[in-house]
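Before any questions on binding or motion, here is one chain by itself as structure tokens, the form predicted alone.
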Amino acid sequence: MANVVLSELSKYFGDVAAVDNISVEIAEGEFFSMLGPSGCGKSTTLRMIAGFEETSIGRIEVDGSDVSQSPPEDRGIGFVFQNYAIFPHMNVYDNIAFGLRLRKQAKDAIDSRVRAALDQVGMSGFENRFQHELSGGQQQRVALARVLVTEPRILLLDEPLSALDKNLREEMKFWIKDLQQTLGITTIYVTHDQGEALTMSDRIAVMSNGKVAQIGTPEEIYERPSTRFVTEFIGESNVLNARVTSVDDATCVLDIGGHAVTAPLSGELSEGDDVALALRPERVLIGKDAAKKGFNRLKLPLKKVTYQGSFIRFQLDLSGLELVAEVANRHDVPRFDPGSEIDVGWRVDCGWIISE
């Protein structure tokens, strides 16, 4: 295991900053994800850590040693590529043994470590198969085994599940996380898929335009995103433009389309400030569930109801703004017709004010 520190790291392609002055500390044994849309700099950051891209500015430290100028083979890092990069002319055994043979390991040592790696990834018995004889998930396991057999200090994974179908992605993300926890290896994982990041990570860095927008645990990122970008990128949120009408020690009252709504106080706010209130659709309750003490309570016209299997989606008109409620599909969920006015509510502490 190893810890990784990125200090004021930047990468320029001409005048364009693909990575712009990011600083991150990753603990030993941590599963750390870099999450963001295409072109945000996450894969470029991973490639700089691996040594495949030169840094323009800044330092990369592994266990306190500056490896910014070290060649990839001297960093003790294993890299799993998006397309697996399995050699089609080699069988599974030879693919996994390839790195050890380059290092001139003894034949017996190679055999022992290859078989141990196959066992780690659940591929014992597949030694003689070739790439075309493997499913996508099996190819992914071989790619991981080929990296793990070299006993890296750090494991880097660049969008490793993007080529798999939905059901296999679901299976593999739990398998990779379980394997990482078993091995205790420091892992940096790049993805654009928020579900993967929330499920697998100890902490997440959300990236946008080459910068880190927010770092936190999955719960922190989801429950209290700090900016409008993170709020809108992670899950679905109601983001409602509002104006502050009063402020006290712990809460503030907002005007949203003529409705008075209470929210937790956030930062320095004054009467008359324009802000935005964010609220997850699953936190919005309807009908009798909305009429509870400590709730914001409104009566709003229902625009549309959509059945979505495990939940039902209600779209409501909040004085020209749209408020979405997603309610678990229980047997007692009330049924309403579009156009009817229904009770809507949410706990005061379920909403939060975002800064930008």
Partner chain sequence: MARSNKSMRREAAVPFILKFLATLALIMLLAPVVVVILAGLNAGDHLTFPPKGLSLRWVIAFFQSDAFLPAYLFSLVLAVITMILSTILGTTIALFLARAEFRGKQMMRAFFMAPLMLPGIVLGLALYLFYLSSGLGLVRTMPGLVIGHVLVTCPYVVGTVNAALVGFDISLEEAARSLGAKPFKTFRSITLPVISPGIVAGSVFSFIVSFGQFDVSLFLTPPDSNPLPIALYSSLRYTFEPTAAAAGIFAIFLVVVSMLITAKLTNLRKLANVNFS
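In this text, all values refer to a predicted model and were calculated from it rather than measured experimentally. Positions refer to the first chain, counted from 1. Under this definition, the rigid core comprises the largest set of C-alpha atoms superposing within 1.5 Å between the forms.
Absent from the display: the form predicted together with the partner chain. The rest refers to it.
- Contact between residue 106 and the partner chain in the model of the complex is not found at the 4.5 Å heavy atom cutoff.
- Though the partner is left out of this view, residue 233 does not reach within 4.5 Å of the partner chain in the model of the complex, counting heavy atoms only.
- Interface membership of residue 71, defined by any non-hydrogen atom within 4.5 Å of the partner chain in the model of the complex, is confirmed.
- Within this chain, residue 147 lines the site of the partner chain in the model of the complex, having a heavy atom no more than 4.5 Å away.
- With the partner omitted from this view, the residue of 183, 269, 260, 85 that lies near the partner chain in the model of the complex is 85 [heavy atom within 4.5 Å].
- A heavy atom within 4.5 Å of the partner chain in the model of the complex is found for one listed residue only; from 225, 281, 218, 99, this is 99.
- Just one listed stretch, out of 291 to 299, 304 to 312, 32 to 40, 47 to 55, contacts the partner chain in the model of the complex at the 4.5 Å heavy atom level, and that stretch is 47 to 55.
- For residue 250, the Cα coordinates differ by under 2 angstroms between the shown form and the other one after the core has been superposed.
- With a cut-off of 2 Å and the rigid core superposed, residue 103 has a Cα displacement that reaches or exceeds the cut-off between the shown form and the other one.
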